[in-house]
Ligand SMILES: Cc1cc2nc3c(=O)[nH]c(=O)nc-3n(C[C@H](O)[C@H](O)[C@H](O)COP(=O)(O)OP(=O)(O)OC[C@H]3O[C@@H](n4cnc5c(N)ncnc54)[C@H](O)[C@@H]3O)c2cc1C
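Just one chain follows, in the form predicted alone, and it is written as structure tokens.
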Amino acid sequence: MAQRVLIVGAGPGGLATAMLLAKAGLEVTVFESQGQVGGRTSAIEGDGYRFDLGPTFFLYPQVLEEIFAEVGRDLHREVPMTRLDPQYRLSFGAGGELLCRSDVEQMVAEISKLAPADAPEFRRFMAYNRVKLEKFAPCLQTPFLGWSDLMQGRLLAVLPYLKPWKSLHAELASHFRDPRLQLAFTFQSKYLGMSPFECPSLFSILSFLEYEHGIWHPTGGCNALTRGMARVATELGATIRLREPVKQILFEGRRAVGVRTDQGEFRADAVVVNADFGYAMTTLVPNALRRRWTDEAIAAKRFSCSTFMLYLGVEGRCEQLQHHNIHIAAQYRQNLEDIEKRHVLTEDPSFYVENPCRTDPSMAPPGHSALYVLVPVSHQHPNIDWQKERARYRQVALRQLAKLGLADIEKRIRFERIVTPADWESKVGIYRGATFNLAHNLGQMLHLRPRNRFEDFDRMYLVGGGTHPGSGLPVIFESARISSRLLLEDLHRRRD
């Protein structure tokens, strides 16, 4: 009789796990509370417009390519995608802009227009981070289940590159003198929901990955990835039950043995949790059962920022925009401190706009555009009442769009959806609305993060941004590989 595994959540990590475990011969059932797969990587659709709910940047496709290959599929056949060039346009409140190109020499030429003296350093930055990633990659592919794992040779090899005393911004300041370039290669820390002035210097590999391996647009948006993964998982034998939220994880002693939904109880040999970690622990597992990760311990952890979102279907094409557009506020550091320390709203915030129709016209009706607008804000905090601020901050966001040449945007809107941190928490099930999960400071990485083989219970495994290696699609897919491997070892199954 096939061994059975239940997966809580059909996000990218849960779906990758379903693919791997189904291919290994296990009976896999995925429970998803929403009416579509994807979790934060699902879609919003209406009136012919289509938007990604969450991630729009797809970086480093190699990990997902390998997962598809492992189950006998070709990622690019299953999910067609385009490598972007230019990758994005950066505009600076302090003055100037930078068109970020995927070719190193073209990028050197673009930097020369903004800061000529710094342009040659880009080649050295790439060479240094190429070695750093080569040294650190094995650590991203390995579980860290305790202090002893810190002594393994692969981690010791990367120690000279970790520089735990140095922030990401300080690391980039050692490469580039122009403050705008320092921000151009550190704003990627927002992928982790962190300030570059506090994010560890290790994460200079994020901007390196963009230029080394490209930024990709899956046709139909990033949700096309999770829809393709769900299709493949189902073809491999997995069952995906939509609109069936898990209400409780079941235990016998210290062992996870199943889940309960409104449809009944389901028993299994192992349970994989892909739901948001803080939300899942505080709602699906009784506090009295948990040892390390109690409600009190989770509340004391540091969480990432959140996002204020506008999804705008607009009449007309926005040719003044690139596919990806990032505006960095003149008072960038103050903006970040408003988000992470003061927990107040900034009146001149940095923001990001995706204009996917420049690459993929299928995202909107002919002659129209589907604009995705993201403003980083604090996670849920008593200082901000989103019932009061929702409409006002919409006007702040629309006013900011004028900085990208969209002063007339409001009268062209034909479809609109707003998502606030309160919505992320109440409607999507994200603890405190912290869209990037637990922060990635040194005290919440490796074995100090909730572990892939979850330490509080037997036969419970974690995948997603709340466990090792962390947030972002490539490392979420890596968490699926790590946890699947541990689960199969524990069930004495061999993975080819």
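Numbering starts at 1 and runs along the sequence shown. As the structure is a computational prediction, the values presented were derived from the model and not from experiment.
What comes next is about the form predicted in complex with the ligand, which does not appear here.
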I need to confirm a contact call. Of 179, 245, 138, 237, which residue comes within 4.5 Å of the ligand in the model of the complex, counting heavy atoms only? 245
Of the residues 275, 233, 271, 281, which one places a heavy atom within 4.5 Å of the ligand in the model of the complex? 275
Indicate whether the ligand has at least one heavy atom within 4.5 Å of a heavy atom of residue 55 in the model of the complex. yes
Does residue 68 make contact with the ligand in the model of the complex, using a 4.5 Å heavy atom cut-off? no
Since only the chain is shown here, I'm wondering whether residue 8 would be in contact with the ligand in the model of the complex (any heavy atom pair within 4.5 Å). yes
My question is simply whether residue 31 lines the interface with the ligand in the model of the complex - judged by any non-hydrogen atom within 4.5 Å. yes
Contact check for 41, 435 and 476 against the ligand in the model of the complex, heavy atom at 4.5 Å: yes
TL;DR on 237-245, 293-301, 118-126, 314-322: the one with heavy atoms within 4.5 Å of the ligand in the model of the complex is 237-245
Near the ligand in the model of the complex, with a heavy atom at 4.5 Å or closer, the residues from 295-311 are 307, 309
